[in-house]
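Just the one chain here, laid out as structure tokens, in the form predicted on its own.
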């Protein structure tokens, strides 16, 4: 990765390099020339605002987009009144699209008052041809549109936009390219997502992601290890390995490697305290993966295992490739092999053709598995998916009533499961000063359950031992303990992340 001095020394009078990522650093240098001229003309640096609207893979992409903008000379901002605004979009649910259109209307009014403002759109939503046509027709003031497959080209596209007086659109239908080693502005100094693969081959009948993210592509294990080593050297204590289905990792490499084998390599990195991953598909969760988790001191005791439906009939219509009985058997095996494991899930209510009997099967699985947490969703019809044209769409009032019943059951069980570690002293990675009480700090157990306890901002990024005094249902009130009071529990036990991987295993 280039440093600032090396970028300043790039000769932009020469033709851009052909190889990546050198080519993108060349265009970052060109962008620096543009931002310098802007500063000289206006007396201040142009500001850039990147708004992430999607999953954790989108969040990681947004860190890279911010890093490229900062390297290109922009001053990063959280204000949508900046000189450059970029929406990194999601398209898993229709509401996500509608939110973007609503925000564009607001940005259009801002741009009328500030003509030098530039507006860009990227991400999964931009991979839908009808969306791009709507942008061209209804929002002609947008300056740049690109998708998921060529996000690494952002510096080049940004430069093209700055030199153009028309809308720049660059959408790739698919790619086999993986370009990393680009700058990133991380949200947290002490934890980071790491992409290990891209795309999805599962084609669940309700899911748009394989069409907008493409087919599975795995990164080389050596590249992943080197990235994590650099992150750890930069102060990162926790990494989240990201992929639409991490259980499929490595299958398409020239030298195949399993996800369990990759985890064993990641575990050996000195200085790394916690390893998380998202997301596992039940159809190919291996015994080897269970063994790795069972004996690891670094892999967090949490597994997100999406159910989607408890009915084998509906699961077949969803193209999930497992039955209710197979799923329950897997969950029971996980509970048996890793007793302190926190199991979480995704569940869809109202899939086309779902009957009351099908829904009762879902409730039955919830009672049997007893999830620590569950993300529950009302089925959202996505144009272009097989489910969108299925007959027997469930009436809205029926779906809402079922959704309410499911939510009540999930929450009741989750409160009971969350309380399991009350009275224990466990390690907490401190993330922030509490937003409601400045005398408290907030962190997460290894199982991802939130803990609030007295402390100051100096603790942010540190792992401290906390006595879990009182469970409040979905979080704990605690108090700091002495190091020698730490319980011998591997990485914790409950809950899940509040934003998951998009795709068939997606929580919004």
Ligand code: 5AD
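This structure is a prediction, so every number in the text was calculated from the model and none was measured. Numbering follows the first chain given and starts at 1.
Below: the form predicted in complex with the named molecule, not depicted.
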Interface stretch in the predicted bound form with the named molecule - options 230 to 238, 355 to 363, 200 to 208, 330 to 338, non-hydrogen atom within 4.5 Å: 200 to 208
Single option in 296, 380, 326, 312 placed near the named molecule in the predicted bound form, where near means a heavy atom within 4.5 Å: 380
In the predicted bound form, the residue from 348, 155, 86, 300 that sits within 4.5 Å of the named molecule by heavy atoms: 348
4.5 Å heavy atom contact, residue 428 and the named molecule in the predicted bound form: no
4.5 Å heavy atom contact, residue 148 and the named molecule in the predicted bound form: no
4.5 Å heavy atom contact, residue 212 and the named molecule in the predicted bound form: no
Contact label in the predicted bound form: residue 92 to the named molecule, heavy atom within 4.5 Å: yes
Contact set, 307 to 330 vs the named molecule in the predicted bound form - heavy atom within 4.5 angstroms: 308
